[in-house]
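A single chain, nothing else alongside it, follows as structure tokens in the form predicted alone.
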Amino acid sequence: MKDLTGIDYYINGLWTPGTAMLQPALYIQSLADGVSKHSNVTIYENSPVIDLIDEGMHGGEKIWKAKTKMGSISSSKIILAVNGMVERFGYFENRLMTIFTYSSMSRKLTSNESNILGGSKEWGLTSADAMGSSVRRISGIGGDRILIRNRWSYNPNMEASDSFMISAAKSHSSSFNARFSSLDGVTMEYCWGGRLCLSLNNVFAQGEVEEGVYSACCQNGLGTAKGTAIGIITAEKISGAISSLVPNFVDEEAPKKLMPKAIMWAGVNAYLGWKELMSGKEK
């Protein structure tokens, strides 16, 4: 592991051959570019839907208007692929948990710092403890950098507070310094948080929630895999195609109802804090 990472922080690990690291934003953007260029599809970015309006029956079908600040689109079929934000449209209320995870990325390493660190230019480590730190070394676009991910918080309002962001950034710096003592003087350049949507019984929030409105949400922390799968399944159900995943998909029960928000907030955050404490040096 020291030959791979350049550090001796870790005692041992389990190697999983055949895996790959993705730069998620670049992956999604490239996928969107490919779809736009090679199909009759138009993608509108930076245009969040602020309202979904029932326009009544037209030609035997119910029509829905997806309204944005700059315009609107009407259709008889709507797919809500918005993860936990589906609650904002009035569906699956008090049945989904919005958990934030936090990451920080170092500034670009100099050539000398990269040489001092040694090891491979690209690698990824996932903690044996779920509350521990995931660590990545990346190179290429944006330079040679280290990424640290730890800390969790339960945010029913779907917003991360500035105070917790500051706390998470300090935690990431501490985790970085503990592992990369040879890189004294390297600071974190970016810190951010992102939403995960979970259900108590680990199921999708999916299906036709109203005539013509379909949900493909709640990925339970596995967005690339589960999000892609439920998107394909939903599109195939609407179009009547059964070419890939639909034959093997069994409709799940609905997400279980949560306890009152105040109890959930106190209980879940206390549990997350205790689990983080118990993760020890994995954090």
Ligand SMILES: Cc1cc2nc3c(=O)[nH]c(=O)nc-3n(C[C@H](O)[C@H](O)[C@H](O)COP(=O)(O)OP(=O)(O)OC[C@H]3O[C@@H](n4cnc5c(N)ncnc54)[C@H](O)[C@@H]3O)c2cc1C
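All of these numbers come straight from a predicted model, not from anything done at the bench. Residue positions are given as counts along the sequence shown, with the first one as 1.
Absent from the display: the form predicted in complex with this ligand. The rest refers to it.
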- Since the chain is shown here on its own, which stretch among 234 to 242, 55 to 63, 253 to 261, 41 to 49 would lie within 4.5 Å of this ligand in the predicted bound form, judged by heavy atoms? 41 to 49
- Task: Answer yes or no: in the predicted bound form, does this ligand come within 4.5 Å of a heavy atom in every one of F89, W192 and R195?
- Result: yes
- Among R136, K77, R95, R107, which has at least one heavy atom within 4.5 Å of this ligand in the predicted bound form? R136
- Note on the structure: From V82, M165, M188, M131: within 4.5 Å of this ligand in the predicted bound form by heavy atoms is V82
- Should S30 be counted as a contact of this ligand in the predicted bound form, where contact means heavy atoms within 4.5 Å? no
- Query: Using heavy atoms and a 4.5 Å limit, would one call S36 a contact residue for this ligand in the predicted bound form?
  - Reply: no
- Query: Contact between Y102 and this ligand in the predicted bound form at 4.5 Å, heavy atoms?
  - Reply: yes
- Is there any non-hydrogen atom of L222 lying within 4.5 Å of this ligand in the predicted bound form? yes
